[in-house]
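In the form predicted on its own, a lone chain appears below as C-alpha cells.
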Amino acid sequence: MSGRAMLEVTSLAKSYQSRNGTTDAIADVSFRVASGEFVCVVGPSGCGKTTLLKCLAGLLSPTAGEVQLNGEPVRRPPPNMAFVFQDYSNSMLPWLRVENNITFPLRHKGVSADRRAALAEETLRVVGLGEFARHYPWQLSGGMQQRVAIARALAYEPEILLMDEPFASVDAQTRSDLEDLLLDVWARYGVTTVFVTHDIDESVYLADRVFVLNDRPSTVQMEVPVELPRPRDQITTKELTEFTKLRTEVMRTIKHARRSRSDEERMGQA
C-alpha cells in the first residue's frame, strides 16, 4: 500500500447474541486503505462482508478491535463518509424527485440551497442523468436508480465511499456499464473507495487491491495487489493474461477457504 492510511482496521471482531447463543461473524480482521485507493473485499457467501462494511461505516459497533478514519476512531457514521447500498429501490425516497433525493442529505449537512442545486446538477451530469433531474425514482430503470444513488453519494463530497454489492441486482450489461461509470467517477473525484462484492471478475477489474476473506468467522485470508494498467476496459483488460491469473488466484483462495470450513465442520461432527 502506498500513501498515507486513511482507513485503518485493527483486529476487528464482531459477534451477535441471540437466544440460540453467540454467532461469530468476524474473528480478526486487520487492513489499511490509503487515501485515494480503490479496494475490493470478496469472500464466500455469508462470510461477513456486509457486517464488516457496516462496522467500517459506524453502523455497527465491533465486539473487539477498532476502525480509524484519518486517525480518529469510528464510533458512528463519520460526516466525511458516504455509503451506497445494494438495494437501490429502498435507498431512494419515491415521493421525491431525483434532484431532491440527491439534495435531501445535504440539507442535514447544512449545505446552502444554491450549493445543493449545483452539486445535484454536476453529479447527475457526471453519471449521465442530467436530463432526469425532475423525474421520480420509480420512473427510472434499476441501473438508472443506482446511478442516482452514486450521484447522491458524490454530491455529499465524501473523502471515503463504502459500497455494498451495489451492482448485484442489475443485469450483466448494466453491471458492466456501472462498473465503467464507477471507474470514471473514481478517476475524476479521487475518492477513497471500499467496495464489497461477491463477483471475483468485478473485484479484479475495479480494484488496486483485493482483500479475500475466509469463511465465517472471517479473517483476511489474502491480500492480492492488482497492477493492471489504468484506464481499464471491459474487453482489453479482461483479455490480459495477468487478469486471468489474478482472478484465478482470488477464486482459488475462496475455494480453499470453503474447503477448510467444510473440513472443520466434518471434524466437529465426527
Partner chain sequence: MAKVARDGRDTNPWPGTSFWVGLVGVLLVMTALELVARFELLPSRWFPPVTVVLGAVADLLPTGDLWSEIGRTLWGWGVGLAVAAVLAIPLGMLVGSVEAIYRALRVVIEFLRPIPSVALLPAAVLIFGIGSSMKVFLVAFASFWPILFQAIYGVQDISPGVKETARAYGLGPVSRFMRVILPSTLPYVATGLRISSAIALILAVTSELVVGAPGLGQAIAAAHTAAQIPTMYAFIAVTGTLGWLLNTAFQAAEARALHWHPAQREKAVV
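Computed from a predicted model, the values in this text were never measured in an experiment. Numbering follows the first chain given and starts at 1.
Below, we refer to the form predicted together with the partner chain, which is not included among the displayed structures.
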Contact residue in the predicted bound form, from R115, R107, H198, R188 (heavy atom within 4.5 Å of the partner chain): R107
The single option of A153, V194, L182, V98 touching the partner chain in the predicted bound form, heavy atom within 4.5 Å: A153
Contact of L59 with the partner chain in the predicted bound form (heavy atom, 4.5 Å): yes
4.5 Å heavy atom contact, Q173 and the partner chain in the predicted bound form: no
Interface membership of V111, the partner chain in the predicted bound form, 4.5 Å heavy atom rule: no
A120, heavy atom within 4.5 angstroms of the partner chain in the predicted bound form: no
Those residues of 82-97 which, in the predicted bound form, come within 4.5 Å of the partner chain by heavy atom: A82, F83, F85, N90, S91, M92, L93, P94, W95, R97
